[in-house]
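Coming up is one lone chain in structure tokens, specifically the form predicted alone.
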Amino acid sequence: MTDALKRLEKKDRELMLLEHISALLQWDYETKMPPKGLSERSQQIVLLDSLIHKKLADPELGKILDDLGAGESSPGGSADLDPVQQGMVRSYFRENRKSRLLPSSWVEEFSEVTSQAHPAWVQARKEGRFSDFRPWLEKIVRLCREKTELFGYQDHPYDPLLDEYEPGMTTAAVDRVFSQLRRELPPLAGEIIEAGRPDDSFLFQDYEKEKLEAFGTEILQDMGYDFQRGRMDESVHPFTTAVGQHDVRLTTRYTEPSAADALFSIIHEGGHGLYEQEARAGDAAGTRNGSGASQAMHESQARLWENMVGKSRAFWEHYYPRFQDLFPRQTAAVSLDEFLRGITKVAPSCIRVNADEVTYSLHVVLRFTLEKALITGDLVPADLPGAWNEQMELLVGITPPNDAQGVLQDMHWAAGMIGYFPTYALGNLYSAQLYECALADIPGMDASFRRGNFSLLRGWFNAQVYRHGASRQAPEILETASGKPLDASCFIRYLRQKYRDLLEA
């Protein structure tokens, strides 16, 4: 058993090195790469993806997992292993099983298609023409359907794709909580809009990029993001990636018309970065266990910092004077109450990443609905723009004026990430449930926010979430911390209280 663990730990660290190299190539691809480097970069990524797949599918890895007692009825291996060791075994049993089911030819084709689909998506989005991207999406949907069949499923063909990003979650479970969001969020948004439309025009003036970046950097440092172990750059679509155990990189963008978009993108990605820097299960730096538990748990940290902390009154009682010092002309006639109502304004938006807290999850419900239909064959890519617009009108109450603001707005499908989108709204639900518990456990937490001090909140999350790294699955972390399974009512309750307080101020 001891020898098998040592061999697994060695393979784990080798695989994480390869994955970090791949992440660095992807980061460079999104931020710094010259346009003519695309062809060779695609070959580099294909080669690395193929190598990683072969190592994950290696029969020797399967033998090591057998020696550790892993199997369908015991994916975490022998009961003699400690919880952190079981977490690593469970993760690799899952990866080994799936990798053995995917032929190398499929992996290479998928990597090649997605590496070329991304620049095609960028250009199609720029031109606003879905037809230019459609041939690539057709290939990606075909490959994802093949993947579903290769993995196999019991209840729904979307399940294996969802499980890639949120282990242990099922399509039926997502349907259950999303049905509550579909039912309760549109009328709640309507009630808030009817109560008044705050003036947020001050956010759409000219804000110097350099000052926004400096202000965002101050907030990241106060949050606890370590710039000795990370950095912030620009990309078309904001993202966070770990390219080393002490190298967690953020990106943002300053191209959107509202200053709030850039600012809260920085805070959002900072939540991801902080989780990735702090996630540890035992001596797990540079290992599979030294990262976030799942995409939804990762998203919960980003949404928590962006919205529950970053758009709270206590937060801005500390930071608004500094913001006014940096931007005196833009904020000269804007009180704190007016500023808070402006940054939390509820208004239908075509763009998911710019959507307010109330309607944001409806954008995710839309994508989940369409992805399921694409995978079952009830919807073909050629009909996607029309289906998108129909769902937008139904859920959010508006129709996108063009494909760039509609079906082409996200990079995920170009990257082959079908199954990823539900994690965004699940992250909202996780964050509300966890934050409700943190507030109950930590009296006076708002008072610490008013001083720009977030150590109490970080300490709570370190104890309940960060210290587990990826050794536990997200549903287990959530239920242990909150005392109950996923409950969408926490998120609805949070929104109702927040907007009641804002409207009464």
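Note that the structure is predicted; figures quoted are calculated from it, not measured. Don't overthink the numbering: it's just position in the shown sequence, from 1.
In what follows, reference is made to the form predicted in complex with another copy of the chain, a form of this protein that is not presented.
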Of the candidate stretches 238-246, 166-174, 153-161, 259-267, the one with residues having heavy atoms within 4.5 Å of another copy of the chain in the predicted complex is 238-246
Quiz item: Within a 4.5 Å heavy atom cut-off, is residue 226 in contact with another copy of the chain in the predicted complex?
Solution: yes
Next item on the list: Decide whether residue 66 counts as a contact residue for another copy of the chain in the predicted complex under a heavy atom distance cut-off of 4.5 Å.
Entry: no
Give a yes/no on whether residue 286 approaches another copy of the chain to within 4.5 Å in the predicted complex, heavy atoms considered. yes
Within 4.5 Å, heavy atoms only: does residue 473 come near another copy of the chain in the predicted complex?
no
Exercise. Give a yes or no on whether every one of 378, 383 and 404 sits within 4.5 angstroms of another copy of the chain in the predicted complex by heavy atom.
Key: no
Interface check vs another copy of the chain in the predicted complex: of 441, 60, 40, 446, the one with a heavy atom inside 4.5 Å is 40
Taking another copy of the chain in the predicted complex and a 4.5 Å non-hydrogen atom cutoff, the residues of 79-112 making contact are none
